[in-house]
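Here we start with a single chain on its own, the form predicted alone, put down as structure tokens.
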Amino acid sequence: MATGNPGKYRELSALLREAGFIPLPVSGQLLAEAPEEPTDDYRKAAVMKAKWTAARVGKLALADDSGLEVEALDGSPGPQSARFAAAAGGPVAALVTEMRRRGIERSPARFRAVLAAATPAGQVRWAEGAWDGEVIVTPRGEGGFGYDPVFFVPTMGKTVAELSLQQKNLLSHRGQAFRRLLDQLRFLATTLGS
């Protein structure tokens, strides 16, 4: 799995195990050697990470690129979500600060994710998922990671940080993308004899 994000690893590992795969983390040292990924396109970034990792580890690699798109912020931070969070002291603090600076208490928003799977030979498949909700400026909940405490899911009456991992994986952008990619992931695994 081509991620150094423990939250993504936890979520994707649960999905992979449920589907009969054995997830393996990529070493921090290998991730540190990865080329800088594109910051303007989820698909390009996910495909690049998956192909680069698969070529180096000699196994089927799964990568994710995702972001939060806030309507009141003209779709930002979007593909820049990780950098936006890192530059401003964490995702929740960065987002709440920006929304309050603009006088916004809540806004429609969408989580978007692209998952890409690649073989060492360069075969690639990818799928996208999106999860609509609202961003609020008062964080709630202790679970999840990233923007989860401020992403409110109206159908559940909770933020993502108040959901269980199973609930999140059932509803989330990442879970949707995984289910859309699953048949192709199995196909790629069979081409490797995995």
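This structure is a prediction, so every number in the text was calculated from the model and none was measured. Numbering starts at 1 and runs along the sequence shown.
Another form exists, predicted in complex with a small molecule; not displayed. Remarks below refer to it.
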Checklist entry - Given that the partner is absent here, does Glu69 sit within 4.5 Å of the small molecule in the predicted complex, heavy atoms only? => result no
Checklist entry - Do Ala82 and the small molecule share at least one heavy atom pair within 4.5 Å in the predicted complex? => result yes
Item to check | Partner proximity in the predicted complex: Gly146 to the small molecule, non-hydrogen atom cutoff 4.5 Å | outcome: yes
Next on the checklist: Glu37 versus the small molecule, in the predicted complex: is there a non-hydrogen atom within 4.5 Å?
Outcome noted: yes
